[in-house]
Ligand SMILES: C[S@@+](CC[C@H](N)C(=O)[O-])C[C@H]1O[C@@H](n2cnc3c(N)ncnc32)[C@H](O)[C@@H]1O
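The form predicted alone is given below as one chain in structure tokens.
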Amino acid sequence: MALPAPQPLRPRPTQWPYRADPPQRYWGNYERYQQRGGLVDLDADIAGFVGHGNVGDIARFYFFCLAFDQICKDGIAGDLAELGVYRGETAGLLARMARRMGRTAWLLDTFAGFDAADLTGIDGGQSKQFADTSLETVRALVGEDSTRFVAGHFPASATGLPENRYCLVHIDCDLYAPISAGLSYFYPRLAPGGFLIVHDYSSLAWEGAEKAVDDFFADKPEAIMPLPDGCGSVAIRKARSVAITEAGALGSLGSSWTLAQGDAVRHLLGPGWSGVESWGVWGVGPAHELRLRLAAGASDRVLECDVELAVAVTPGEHFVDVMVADRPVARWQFSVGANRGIRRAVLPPGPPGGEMVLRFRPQATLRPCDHDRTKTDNRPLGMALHAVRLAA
């Protein structure tokens, strides 16, 4: 049976109705987004992304932004990684987000185009491409703060990576062999709920990319989600374990301290927190929420939190208002001489549905880069949480 004759290339549609609005949180509701401690600095981030040839890939930019917002909201731990950096346009976005989140961006590439060893099998007809780059030019574009460059042929180059967990991994290698190797390496190291994004899957330009993803996820619990970007990326969120999705809420943990690190605290974190770190978690922006589940109608309980306030490194007294359903239940005071410590709040009886949203509202936040010019962290930090419990 004869194949159909090739059709002429259709020009890229750029006008209505093919052009879409950005997500509303980044335009119509951007002020509200910023008040809630939003991570994305839209003007700066979009300029950095499109300034080097990515104008037609803006859908992928917005997906990355939404993914990072969700990572912060869900309190997903781990660093960021990109396998297949090329000239560094997407890597620059990952690096900026890593700095704001207090993470590290790991950037892996040959920095010299395709490796001949990968031009086999389904990709045997491909030629060596993407050699018009270098480690030096990418480093100059992306910067070095909170960023590590790993040059070499993957997976041999993986020996330069620490045994970290990752909250987001972007794989953009085009070919079957490196994509398959990247999935095999990063999938087991992806934090529960973390994002795995593979470029070029549904573009119909790189058969190896599609086959590598299909082969790898054929026996995995997750399914791929196609994205409407120019080169047909797909995204996967790592399945959460039963221990996380069905974890007992705070009320069932009694008087034992729950450390605000690792998986134990994730199911308690609402909006307004950065990623969980090895010591605890920073609140970002003007409000940070904990979601507690208490027995309906339970008598007053005392919440105890081991906390500190970022702005309390400056002179004077500083306060955090603790609210339940817009009702103040405590005001916590902080100062240079009395910052980190145990603070307490008496909670009202549990609501009928059993879930209580506790909101911490610091009266001021502090960007570390404004307080100390040697720092690059520009997150508006509020209150840090180290541990939490219900007093006996």
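Worth saying up front: this structure is predicted, and the values here are computed from it rather than measured. Residue numbers run from 1 along the displayed sequence.
We do not show the form predicted together with the ligand, though everything after this point is about it.
The closest non-hydrogen atom of residue 90 lies within 4.5 Å of the ligand in the predicted bound form.
Contact annotation for residue 238: none of its heavy atoms lies within 4.5 Å of the ligand in the predicted bound form.
Proximity of residue 148 to the ligand in the predicted bound form falls outside the 4.5 Å heavy atom cutoff. Using a 4.5 angstroms limit between non-hydrogen atoms, residue 216 is distant from the ligand in the predicted bound form.
Judged against the ligand in the predicted bound form with a 4.5 angstroms heavy atom cut-off, the residues 84, 113 and 173 are in contact without exception.
Among 75, 78, 178, 285, the residue placing a heavy atom within 4.5 Å of the ligand in the predicted bound form is 178. A heavy atom within 4.5 Å of the ligand in the predicted bound form is found for exactly one of 121, 143, 160, 152: 152. Residues of just one listed stretch (270-278, 165-173, 183-191, 308-316) have heavy atoms within 4.5 Å of the ligand in the predicted bound form: 165-173.
In the predicted bound form, the ligand lies within 4.5 angstroms of a heavy atom of only one residue of 123-145, namely 130.
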